[in-house]
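Quick setup: one chain, the form predicted on its own, written in structure tokens, and binding and motion questions come after.
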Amino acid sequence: MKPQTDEKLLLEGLAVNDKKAVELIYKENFNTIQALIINNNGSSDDAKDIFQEAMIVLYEKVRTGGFELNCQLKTFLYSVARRLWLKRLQQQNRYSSPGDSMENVVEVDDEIEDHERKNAELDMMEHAISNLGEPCKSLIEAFYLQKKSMQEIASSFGYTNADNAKTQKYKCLMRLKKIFFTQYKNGQ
């Protein structure tokens, strides 16, 4: 019952323009909406626009009074954002619906669960990387995040050649894999 109470308080805060309530709604829901938009031919700026529009829809509903949320807040925002995005894509001729009206109910619970599971796995991976230790952590980041070549890594890390750097990267990946799957198995 606590999440429903918290969401009710957030909606009450939104209705009176409470800055903290708005920030919390944004913090808890923007990443999900952004992933939806980016995974469906959109940009980060599109995601900001759509999220803002979805927040306006929610704000107008709570301001009029009598609005009763019959699902989780994140489900409501996701559904509104998805409709708004599909409508925009349709207007830009980037999406053609298969003859159905966009007013149909959009099932989003499975997509939200998948997104939350992926976020949890990414958090576990981030934790595993932080526990990896040096020089493995820096080497993995240099290759995968900074997109450095093996030759660049070899020279910056002091390896004799790119093949030695590649071998070390492999060893680091195996260590990272072991840390990650140990955490994953233990549900941390």
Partner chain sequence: MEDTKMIDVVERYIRGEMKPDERLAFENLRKSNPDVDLLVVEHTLFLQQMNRFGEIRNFKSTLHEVHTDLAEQGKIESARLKGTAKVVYLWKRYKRVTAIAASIAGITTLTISALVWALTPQGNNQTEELSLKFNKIQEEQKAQKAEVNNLKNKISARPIAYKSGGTSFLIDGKGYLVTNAHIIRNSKNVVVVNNKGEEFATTVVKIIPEKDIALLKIADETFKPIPSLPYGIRKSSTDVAEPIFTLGYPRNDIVYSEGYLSAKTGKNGDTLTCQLGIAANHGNSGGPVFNHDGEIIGIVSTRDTEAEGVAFAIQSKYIFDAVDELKKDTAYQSLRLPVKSTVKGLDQTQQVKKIQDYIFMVKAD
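Please read these numbers as outputs of a predicted model, since none were measured by experiment. Residue numbers count along the first chain shown, from 1. Between two forms, the rigid core is the largest collection of C-alphas that superpose within 1.5 Å.
Below, we turn to the form predicted together with its partner chain, even though it does not appear here.
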property: Residue 157 within 4.5 Å of its partner chain in the model of the complex, heavy atoms; result: no
property: Contact flag, residue 23 vs its partner chain in the model of the complex, heavy atom cut 4.5 Å; result: yes
property: Its partner chain contact in the model of the complex: residue 173, any heavy atom under 4.5 Å; result: yes
property: Close approach of residue 138 to its partner chain in the model of the complex, 4.5 Å, heavy atom; result: no
property: Stretch 128-146 - residues with a heavy atom within 4.5 Å of its partner chain in the model of the complex; result: 129, 140, 141, 143, 144, 145
property: Flag for residue 138, CA shift 2 Å or larger between this form and the one not shown after aligning core; result: yes
property: Is_shifted residue 35 between this form and the one not shown (CA, 2 Å cut-off, rigid core); result: no
property: Large Cα shift (2 Å or above) at residue 124 between this form and the one not shown, core-fitted; result: yes
property: Inter-Cα distance between residue 85 and residue 122 in the model of the complex, nearer or further [3 Å or more]; result: closer
property: Distance direction in the model of the complex for the C-alpha atoms of residue 38 and residue 144, relative to the displayed form (3 angstroms or more); result: farther
